[in-house]
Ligand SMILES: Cc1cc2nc3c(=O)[nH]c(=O)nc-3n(C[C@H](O)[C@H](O)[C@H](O)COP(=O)(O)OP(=O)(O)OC[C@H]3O[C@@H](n4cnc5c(N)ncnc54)[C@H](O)[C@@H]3O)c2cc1C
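The chain below stands alone, shown as structure tokens; this is the form predicted alone.
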């Protein structure tokens, strides 16, 4: 008896996890063996990490045990770290074993893009995992405790956030909501606290938002105490703070970098042709030189009808995962593949409690209405991966 085709999925982020969940629903146990590999035994909600990082929500609300989502009778889960991808040999080297595959799905996520700025990699915090946000949250409160012991060190109360795209904007909104509670807890004069959002572009908030919504969002955050430094690059990050392109030095004990991401380094090391770590995939989300390798999420580059790449997002990765699962089932059943088409729904950026701004299906939204839409978007993803049970667990 011939062995079943082996589908290996690397990474349980949005794209990889949705691929696995869809496959366990679509395939019977005589069609393929499916293996999901992930560094952790949980899936974390990248789009929710800004809240536990700031301390406005529990970190367990941003993660879900993979065992709750995967049927181990249909998908074999391997908790391990990927060390190397060998597309010519159709093998994946893990820290504790080597897997052979017939079809590979790469969804290994992103890495911080530091643009070669000295010190950013060494001295700036990054919002990129459950462990990293736990560290940021703990560090922020620790700064208040240290200030009480060293009241001349006002740099302990100075926070610099590099980048004001989606992650940077959502984080500063939550941070501005959290700090008054810390001021009260540690009896610190709130006028001593400074939050700087440094952005190289001439405007803050996610790219593509209409100017009136950008103005609204920036006004909301300024009223919360955010100081913007726009059209300003961070030239260097040091243990004591940041040097701006203008030469100005901001002394700060906390620097958080949200200035961009790139695809996982393992793809370039494996010989895939990449741009900033991302592979320009074909219409079926495959590597052009390896039709047995599908690439989703932050590791992939998908062109819009206008010829520009879609920015990496959870929305894009979820749709990719569904398409890859459908096409893998089609391959196994000798059916035609379906090209990937992305129906972009828009972007909503949280500005903290009860505030958000964005465009949904071409319509502008802001304030409490936008905040509720943001919650609906988050709830919909929970329904996609875990159904009503997971939805009810996370909102209660």
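Since this is a predicted model, take the numbers as computed values, not measurements. Numbering follows the first chain given and starts at 1.
One more form of this protein, predicted in complex with this ligand, exists but is not displayed; see below.
Contact annotation: of the candidates 75, 285, 226, 317, the single residue with a non-hydrogen atom within 4.5 angstroms of this ligand in the predicted complex is 317. Checked against this ligand in the predicted complex, the residues 266, 233, 220, 301 give one hit for a heavy atom within 4.5 Å, which is 266.
Residue contact check for residue 40: one or more of its heavy atoms lie within 4.5 Å of this ligand in the predicted complex. In the predicted complex, residue 296 approaches this ligand with a heavy atom inside 4.5 Å.
The shortest heavy atom separation between residue 167 and this ligand in the predicted complex is within 4.5 Å. In the predicted complex, residue 348 approaches this ligand with a heavy atom inside 4.5 Å. The chain is drawn here without this ligand; in the predicted complex, the stretch among 186-194, 141-149, 272-280, 80-88 whose residues come within 4.5 Å of it by any heavy atom is 80-88.
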